[in-house]
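Same chain, two forms, each on its own as structure tokens: structure 1, then structure 2.
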Structure 1
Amino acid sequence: MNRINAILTWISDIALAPVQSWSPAVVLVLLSVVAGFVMTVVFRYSSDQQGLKRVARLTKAQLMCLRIFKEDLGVALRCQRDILKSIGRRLWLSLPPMAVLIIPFLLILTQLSLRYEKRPIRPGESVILAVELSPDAWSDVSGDVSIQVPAGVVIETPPLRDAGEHTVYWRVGLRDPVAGQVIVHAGFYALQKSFVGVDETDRLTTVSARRPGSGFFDRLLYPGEPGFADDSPVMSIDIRYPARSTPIFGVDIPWWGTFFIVSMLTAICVRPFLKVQF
């Protein structure tokens, strides 16, 4: 998974390089439009379009029957039963394209989260850095954990050790813009975690908030850096960056909400031109 994440992140960085200076909200909308168009094309060629069209025609006929015979309880109930069957049939026919789309879209969302979930900190701001140790290593290593920060970053507090969470915390502040590595010393290990601080946070910037552990889903959800090995005393390193805000027309909704809404609207708009039946 580490290699796959590295390749996808590299491809994403190259693809987004031309729009790096654009407004993050504008880039998000454009990416959502492209995703909605691609989703529609893939759905058309990976689904049973003839079957979906037959179910759509049948559903319209059943709705018309329900409207005409709404005063006949027996007929109305049978129409409602048939409508539910048609809905189930449509969902069943939609499963193959959904299976084709789910993995690529999940990988796209995890890459977008690197750019939209968090923002870098600015000079004068502080963040919490958390190093989670494995339960087996806590008693031996917790007292020998320290960090080394890049120039421009200041360690503001001594380490706070939480035995219940097996985690050591620091508060670090940014004095000057920097893009470097925090080095975590844990026993005989020296492990790195990326750190980003900039003057201007309104540009699209890759922000890896967490270096994950060895678990598959941990690495899948946090693809910005390689996960730790199974035998590492450190399970994860987190930097609690501020959340990024990407308001659309003055409405500040989560970036993933914008992505799904815009991509779905795009799919609905291009459906007649591509002659796709959902």
Structure 2
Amino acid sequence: MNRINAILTWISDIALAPVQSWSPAVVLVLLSVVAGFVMTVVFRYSSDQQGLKRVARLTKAQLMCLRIFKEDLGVALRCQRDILKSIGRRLWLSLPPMAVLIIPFLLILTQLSLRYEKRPIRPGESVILAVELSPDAWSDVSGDVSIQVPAGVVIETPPLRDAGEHTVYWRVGLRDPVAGQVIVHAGFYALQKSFVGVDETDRLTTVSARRPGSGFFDRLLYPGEPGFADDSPVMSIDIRYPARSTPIFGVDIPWWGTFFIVSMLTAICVRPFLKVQF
């Protein structure tokens, strides 16, 4: 997974290089449109279109049935039951294309998350850095955990140890822009985590908020840095960067909300041309 993540991050860095200087919101909208179109095409060919069409028509019929046969409570309730059955059927028919789309879509979303979920900190801002140890390592090395920050970054607080969470926290502040590594010493181990602080936060920047552990999903969802090995005393290192804001027409909605809405709108717009039934 580490290797796949590295390749994907490399590819997306290259792909996004030409639009690096553009507004992140514009890039997000463009990417959402492209993703919406491509995924609609994939959906069309990986789903049972006839079945979906049948169920969609049936659901509409059952909704009409509610209005037409409203005389009788029993009939109306049976219509409701039929509607729920149709909806279940529709969702069931949506599962095969979901299976086809789930991996590529997840990879796209995690790459977007790497760029849109968090923003780098600016000089003068501080962030929390959290090192989660494995339960086994906690008793052995929790007293022997320290961090080494790159030039331009200062450690503002002594370590705070939370035995319940097996986590050690520091607050670090940025004095000057930096793109380097924080080194975490845990016993005999020295582990790295990227750290990024910039003057200008409006540009599209890769921000890895977490160096994941050895779990598959952890690595899948945080592709910015390689995951720790199974025997590592450190399970993850998190830097609690501030959330990135990508307002669309002045409305501040989460990046995934924008992606969700724009890709769906794209799908709805191209649907008649591609003759797709969702």
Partner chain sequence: MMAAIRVTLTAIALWALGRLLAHETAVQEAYIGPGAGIALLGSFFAVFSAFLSAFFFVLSWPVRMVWRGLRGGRPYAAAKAKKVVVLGLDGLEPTLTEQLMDAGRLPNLAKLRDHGVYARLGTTCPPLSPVAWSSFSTGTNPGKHNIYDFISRHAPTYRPTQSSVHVRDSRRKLKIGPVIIPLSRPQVCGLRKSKPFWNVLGESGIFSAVLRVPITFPPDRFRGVQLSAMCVPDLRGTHGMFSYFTENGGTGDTTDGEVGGDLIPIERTGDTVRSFLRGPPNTLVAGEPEMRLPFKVTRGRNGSATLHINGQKVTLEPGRYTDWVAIHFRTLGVIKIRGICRFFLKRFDSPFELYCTPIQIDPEKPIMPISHPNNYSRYLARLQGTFSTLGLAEDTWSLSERRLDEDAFLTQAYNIHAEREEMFFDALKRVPRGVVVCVFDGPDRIQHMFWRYIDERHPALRNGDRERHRNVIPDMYEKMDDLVGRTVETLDDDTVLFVMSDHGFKPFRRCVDLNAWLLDNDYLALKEGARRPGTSYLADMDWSRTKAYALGLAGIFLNVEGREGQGIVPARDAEALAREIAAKLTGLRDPENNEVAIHEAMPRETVYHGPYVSSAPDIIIGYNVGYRISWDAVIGKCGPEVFCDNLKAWSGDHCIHPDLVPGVLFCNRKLDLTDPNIIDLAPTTLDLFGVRKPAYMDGKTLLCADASN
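As the structure is a prediction and not an experimental result, all values here were calculated from the model. Numbering runs along the sequence of structure 1, starting at 1. Basically, rigid core = biggest C-alpha set you can superpose within 1.5 Å across the two forms.
Only structure 1 matches the form predicted on its own. Once the rigid core is used as the reference frame, the Cα position of residue 86 differs between structures 1 and 2 by 2 Å or more. Once you line up the core between structures 1 and 2, the Cα of residue 47 ends up 2 Å or more from where it was. Interdomain rotation between structures 1 and 2 (smaller rigid part relative to larger, C-alpha based, rounded to whole degrees) is 13°.
Relative displacement of the residue 273 Cα between structures 1 and 2 on rigid core alignment is 2.5 Å.
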